[in-house]
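One chain is shown next in structure tokens, namely the form predicted on its own.
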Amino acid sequence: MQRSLLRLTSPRRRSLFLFVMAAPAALHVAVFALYPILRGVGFSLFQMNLMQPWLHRFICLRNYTDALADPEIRHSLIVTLIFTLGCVTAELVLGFCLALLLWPDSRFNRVATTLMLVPITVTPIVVGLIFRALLDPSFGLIGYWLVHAHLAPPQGLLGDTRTALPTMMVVDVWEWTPLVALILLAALKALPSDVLDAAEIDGADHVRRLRLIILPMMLPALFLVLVLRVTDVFRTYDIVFAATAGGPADSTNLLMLSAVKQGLLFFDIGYGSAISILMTLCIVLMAAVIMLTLRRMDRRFNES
């Protein structure tokens, strides 16, 4: 074996080394990501209800057509898109502003950056339970006073169909904006200082430096943030389940909640798997749109 390795040329030994190093990661992706997706695709092609095993049969794409024609699923898709768009936009804007404020190196900024890690370390389902208690109109530390000050409906922010979804968006923004800020802050710290100093010497003000230098060089970090947050927000489940369980009147019934209800509450594995695969396709489509948009912006900045 050792003699065989020694007979290999240097490029082949390097290729073999890279293959051996990448094999564990590829195996991990295949076992824990690719295999469950393929199993889900397989389940989605069958009528498979655990409460009615005698009806188990191949129905091809009927679960997909039923899901696309289901008014409840279409409503959940609209709610999910609104939730995703609102959360990601707010987190990106607030996170970028926070990153700019924390950019200068000072003791206060270092302490503030450390404290920003606190919301991220809390489990989302715990965050949902905490805000459910805080916003309760009967005894909640925030909800009780908001109702008595006539700043919230009598049933509370989470109990009204008009305020439940915006409130859940605020909760998600509270938890995940620090993560966005930390990623963008790391990108700001990595910018070449000589380019920024040269622009300042040439007389470029803060707005021109931000628009013509900082933003174009931060496009890779922005792409990372957008893909991470869109993927995560679109499949949000635990924080909304703990706070509202999809109510009131399905106003916060996200697509992931619908898939879980079909699979674990009604035991319709085939229909739930079809909804999950449709969610995966939506995420892939949104990631492709983000990548193409940022690539086009990168080309435009480089040409200008």
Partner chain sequence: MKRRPLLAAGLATAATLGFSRRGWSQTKPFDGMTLRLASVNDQYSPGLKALAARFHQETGIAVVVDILGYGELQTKVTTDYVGHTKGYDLATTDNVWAPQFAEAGYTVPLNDWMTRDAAEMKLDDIYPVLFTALGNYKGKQVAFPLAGYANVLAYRKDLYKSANLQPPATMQALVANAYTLTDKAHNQYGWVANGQKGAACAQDWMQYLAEVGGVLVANGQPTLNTPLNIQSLTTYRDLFQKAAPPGAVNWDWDGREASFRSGLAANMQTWSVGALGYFDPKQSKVTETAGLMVTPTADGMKPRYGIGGWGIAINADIDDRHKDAAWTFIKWITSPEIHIALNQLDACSFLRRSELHDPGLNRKYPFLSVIDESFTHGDADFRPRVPQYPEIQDILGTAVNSALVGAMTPAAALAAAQTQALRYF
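Note that the coordinates shown come from a computational prediction; the quantities given were computed from them, not determined experimentally. Residue numbers count along the first chain shown, from 1.
Although not depicted, the form predicted in complex with the partner chain is the subject of the following passage.
- Taking Ala33, Cys60, Leu265, Leu27 one by one, only a single residue has any non-hydrogen atom within 4.5 Å of the partner chain in the model of the complex, and it is Leu265.
- Of the candidate stretches 50-58, 231-239, 274-282, 37-45, only 50-58 contains residues with a heavy atom within 4.5 Å of the partner chain in the model of the complex.
- Put simply, Asp136 is close to the partner chain in the model of the complex: some heavy atom of it is within 4.5 Å.
- Contact annotation for Pro124: none of its heavy atoms lies within 4.5 Å of the partner chain in the model of the complex.
- In the model of the complex, Ala243 approaches the partner chain with a heavy atom inside 4.5 Å.
- Within 4.5 Å of some heavy atom of the partner chain in the model of the complex lies at least one heavy atom of Thr161.
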